[in-house]
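Only one chain is included here, represented as structure tokens and corresponding to the form predicted alone.
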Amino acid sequence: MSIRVQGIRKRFGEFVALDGVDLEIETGQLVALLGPSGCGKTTLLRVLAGLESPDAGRVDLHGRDATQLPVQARNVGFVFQHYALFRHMSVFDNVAFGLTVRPRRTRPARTQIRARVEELLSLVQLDWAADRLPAQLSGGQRQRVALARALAIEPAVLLLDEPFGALDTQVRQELRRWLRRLHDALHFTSVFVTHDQQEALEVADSVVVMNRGRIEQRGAPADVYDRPASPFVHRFVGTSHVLPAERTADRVRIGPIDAGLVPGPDGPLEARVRPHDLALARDGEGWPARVGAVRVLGPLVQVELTIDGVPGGPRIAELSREQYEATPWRTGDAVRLSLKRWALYDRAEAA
């Protein structure tokens, strides 16, 4: 099922949760709504589900105006962060619930319900737990039960509100890979909310970055990371360091580094660079800096740098273990810093 929202606005008192949001999602896509707390991503998800009514705008589901449709008429499945399972019901009965409460005229036969639940429990690898209560399962297993329950009604759209936020890191990584495989197998349209950049980049076909009730950027994960459309996206999606830059007669310099011709008005700019795009050398051209600390983090090495004449505290360069072992750095070493890639923004835009 395709989704289209146009001009969606929603306020809670004086707080503007959604400020004219436009978004299209193609059938079969897995889309991540990414952003900080209060940016509007969960409100948008609830508007799609019919759990919130917009103050203005329109929601189309597969070309049909669904703005005023109640939840039960939208054919969407919803998965919450904290599972929302019925504690007194078995795993089987939790998954079957959405089918058993249907009106008699649309309710499947008991044999059909049993077959559907057994199929789903096998799909989420919990067929052995059908008779158990939720309290007898781990957090990751309970979330898989919640997903199976949402899928039992055969929704056209699956909506997930930070589905892995309550889980520890290892379980969260395993479940998001599992969700990606499940989505590829079933090809349903999915929208999930997260504030975890790595989760969005790893799982989604398309990432929608939100800020202050608006969409800052929408694109493939690699495009959002490599070509951020605004300073906010650059600093929110991944790690971002700020360096002062200046444009004179269409030529830009980032400190002592010639960044080439960039047409525009003369004046100060803001250069943003990823930690892995900082390159270190013992001598030669580049920005003079000094090593403050070195941290070996498995396959990555973080080198803390104080850059001569640049305020704002140290910056972190990320090196591979192989790069570090070929040229080891020690606290107090003098270095020359150069940039592999950067993004330039006007100071006014970056504020």
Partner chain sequence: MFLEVTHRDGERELRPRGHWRAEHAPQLAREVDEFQPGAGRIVLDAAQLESLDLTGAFFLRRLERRLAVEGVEVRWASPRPEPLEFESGVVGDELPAPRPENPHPPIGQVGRWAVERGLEARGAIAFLGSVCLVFAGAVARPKRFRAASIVRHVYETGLQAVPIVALIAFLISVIIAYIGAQQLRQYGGEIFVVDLVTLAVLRELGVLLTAIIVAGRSGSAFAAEIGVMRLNDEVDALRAIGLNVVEVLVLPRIVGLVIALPMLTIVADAMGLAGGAVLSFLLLDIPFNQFLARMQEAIMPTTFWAGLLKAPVFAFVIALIGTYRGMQVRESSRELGRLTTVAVVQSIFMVIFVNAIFAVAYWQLDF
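Positions refer to the first chain, counted from 1. What you are looking at is a predicted structure, and each value in this text was computed from that prediction instead of being measured.
One more form of this protein, predicted in complex with the partner chain, exists but is not displayed; see below.
Trainee: Which single stretch, out of 115-123, 172-180, 260-268, 98-106, brings residue heavy atoms within 4.5 Å of the partner chain in the model of the complex?
Mentor: One stretch meets the cut-off, namely 98-106.
Trainee: Taking the shortest heavy atom distance, is V71 within 4.5 Å of the partner chain in the model of the complex?
Mentor: Contact check for V71: yes, within 4.5 Å of the partner chain in the model of the complex.
Trainee: Closest heavy atom of G298 to the partner chain in the model of the complex, within 4.5 Å or not?
Mentor: Contact with the partner chain, no.
Trainee: With a cut-off of 4.5 Å between heavy atoms, is F12 one of the residues that contacts the partner chain in the model of the complex?
Mentor: Contact check for F12: yes, within 4.5 Å of the partner chain in the model of the complex.
Trainee: Using a 4.5 Å heavy atom cut-off, state whether I153 contacts the partner chain in the model of the complex.
Mentor: So I153 counts as contacting the partner chain.
Trainee: Indicate whether the candidate residues V47, G255 and G292 are all in contact with the partner chain in the model of the complex, with contact defined as any heavy atom within 4.5 Å.
Mentor: No, the whole trio is out of contact, none within 4.5 Å by any heavy atom.
Trainee: Going by heavy atom distances of 4.5 angstroms or less, which of L278, V191, V76, A200 would be at the interface with the partner chain in the model of the complex?
Mentor: None of the other options qualify; the answer is V76.
Trainee: Between G38, G63, P288, G312, only one gets a heavy atom within 4.5 angstroms of the partner chain in the model of the complex; which residue is that?
Mentor: The residue in contact is G312.
Trainee: Residue by residue through 26-40, which ones have a non-hydrogen atom no more than 4.5 angstroms from the partner chain in the model of the complex?
Mentor: Contacting residues: none.
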